[in-house]
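Before any questions on how it binds or moves, here is one chain, the form predicted on its own, in structure tokens.
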Amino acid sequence: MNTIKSFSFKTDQLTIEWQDGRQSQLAAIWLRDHCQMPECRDPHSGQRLLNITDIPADTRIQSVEQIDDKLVVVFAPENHVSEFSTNWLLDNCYCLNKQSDDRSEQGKKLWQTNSFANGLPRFDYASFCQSGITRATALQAVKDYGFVLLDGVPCEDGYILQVIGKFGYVRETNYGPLFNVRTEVNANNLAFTNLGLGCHLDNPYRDPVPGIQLLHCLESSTTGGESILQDGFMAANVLRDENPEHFKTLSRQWINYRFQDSCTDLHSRVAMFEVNDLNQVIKVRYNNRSIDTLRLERSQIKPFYAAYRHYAEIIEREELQISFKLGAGELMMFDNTRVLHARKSYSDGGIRHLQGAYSDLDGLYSTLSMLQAENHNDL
């Protein structure tokens, strides 16, 4: 365990020299705001009991004393006493720990066709249900690669909702808690025909979009209908490398998406690439079928179309795609803010029946964190 070599303080800052040579410089207001004492933090939930306006604007360090593995800090003008353990200071120091964003491209394993020489991330559903380790590993695959395949899922109507219950919550939409993907007469969505579909992400016209999509094959006896997946974060990286201006256009130019039928009118205004403060991609929204009429500034029309065409060409490159055919009892689950999916056309003869449903990333990430904490010695 790392220990404190020495410390010093001024009224506005505590400086810690660690035994390994690293240094922490912690502002007085930050320390006061992060007080761990029961009068400042609820001991059960860990949530703050104070608003920032409850802390004096002229907060300053009055004294610091080391007692065993803790630093005891007294703040003026309140004469408030806070205790900080060495481990807490190490784990939370903003000098030593960069701000994390586990939704961004930085924390992902970007992939292309040849990235899966040892096979796609695929797990037995019975093991997924019975083993916390298997479930954690499968959910980690969704976090890392954006998708996972499950085998041996019972071919029962509506069973897809039970799969969601293993890691999160159903995100109900205008299609209901689940929807059937098969040929329909006068379909309100091309997904419900036997036509091929280009790479896209679902529901960009919603705010927020469903973070997870599942497709469960109940029956498959047609010719064709192979599924295609493509890493939208990888494609965005390729675009950035090939033309930084095109990347900038798609991350800054907001456009409108819309879906309408006889009982629904959904619309949003967003960029194709959502980036964080570090200019890292955290969401992709690409669906050519759902882009509403483009009403951009005149000067932006040609640059937008050039960038849009470039990205569309990248995501159709075969070396960036994987293709497979779902059989009865197989289910694919993917990150609908990252992984684009497509479908090849299929024959009129035979039956192709999939059921789909949506969930959200926060439930999956929460379940994954809890499983990893429970099984940390075995993962």
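The model shown is predicted, which means the values in this text are computed figures rather than measured ones. We number the residues from 1 along the sequence you see.
Separately, the form predicted together with ligand OGA exists; it is not shown, and the next lines address it.
Participant: Have a look at Leu96, Val81, Cys129, Leu215 for me and say which one sits with a heavy atom within 4.5 Å of ligand OGA in the model of the complex.
Facilitator: Partner contact (heavy atom, 4.5 Å) among the options: Leu215.
Participant: To verify the annotation, which of these, Val238, Leu197, Ile282, Leu296, has a non-hydrogen atom within 4.5 Å of ligand OGA in the model of the complex?
Facilitator: By the 4.5 Å criterion, the partner-contacting residue is Leu197.
Participant: If contact means a heavy atom within 4.5 Å, which one of 243 to 251, 174 to 182, 70 to 78, 138 to 146 is the stretch that engages ligand OGA in the model of the complex?
Facilitator: Selected stretch: 174 to 182.
Participant: Hey, in the model of the complex, does Arg343 get a heavy atom within 4.5 angstroms of ligand OGA?
Facilitator: Because a heavy atom of Arg343 falls inside 4.5 Å of ligand OGA in the model of the complex, the answer is yes.
Participant: Look up in the model of the complex whether Arg352 has a non-hydrogen atom within 4.5 angstroms of ligand OGA, and give yes or no.
Facilitator: Yes - in the model of the complex, heavy atoms of Arg352 and ligand OGA come within 4.5 Å of each other.
Participant: When the contact criterion is heavy atoms within 4.5 Å, does Asp202 count as touching ligand OGA in the model of the complex?
Facilitator: Judged by the heavy-atom cut-off of 4.5 Å, Asp202 is in contact with ligand OGA in the model of the complex.
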